[in-house]
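Shown here is one chain on its own, the form predicted on its own, set out as structure tokens.
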């Protein structure tokens, strides 16, 4: 069984669907608790989460994802602060609206951006991590209601629709998280 160090319903659904096997969120096995993500990179934050859950559930393989969107024209924000860009405990909609408003404040209607996903794996064999990336553009408006997070404002390279307009299966075929999970699967196949 794989245990996910996440309480983000969108991430949990994507990861469960990817592995198509016995995958559970840590909150299904224990009382949820707050993990302070004080790393300076997506990889560090993913490792912090994986290690925190592994300490509580040492007989399991733990997977943690830390991911977000970066906009180079805005100095790389929101980056590792994607989940709390508007404020601590912000909703997806609040974060999305803040980034749209920030683009508008800078008179940017469209600019290159990229998603990063860092997957950390904690097990009795140690800690491992991998990355996946997805490139495209952010736009200063929300389009579509599929996906989660910043998906309604992100147009991936090669598409004219936002991730919020694309079907889940299309997004999953090339997303940053899927790319990272494919690499993580190689590690899992060896350590299981």
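Please read these numbers as outputs of a predicted model, since none were measured by experiment. Numbering follows the first chain given and starts at 1.
Quick note: we don't show the form predicted together with a small molecule, though the next part is all about it.
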Contact residue in the model of the complex, chosen from 149, 132, 136, 164 - any heavy atom within 4.5 Å of the small molecule: 149
Non-hydrogen atom contact residue 71 with the small molecule in the model of the complex at 4.5 angstroms: no
Contact flag, residue 103 vs the small molecule in the model of the complex, heavy atom cut 4.5 Å: no
Residue contact check: residue 3 to the small molecule in the model of the complex, 4.5 Å heavy atom: no
The small molecule contact at residue 86 in the model of the complex, heavy atom, 4.5 Å: no
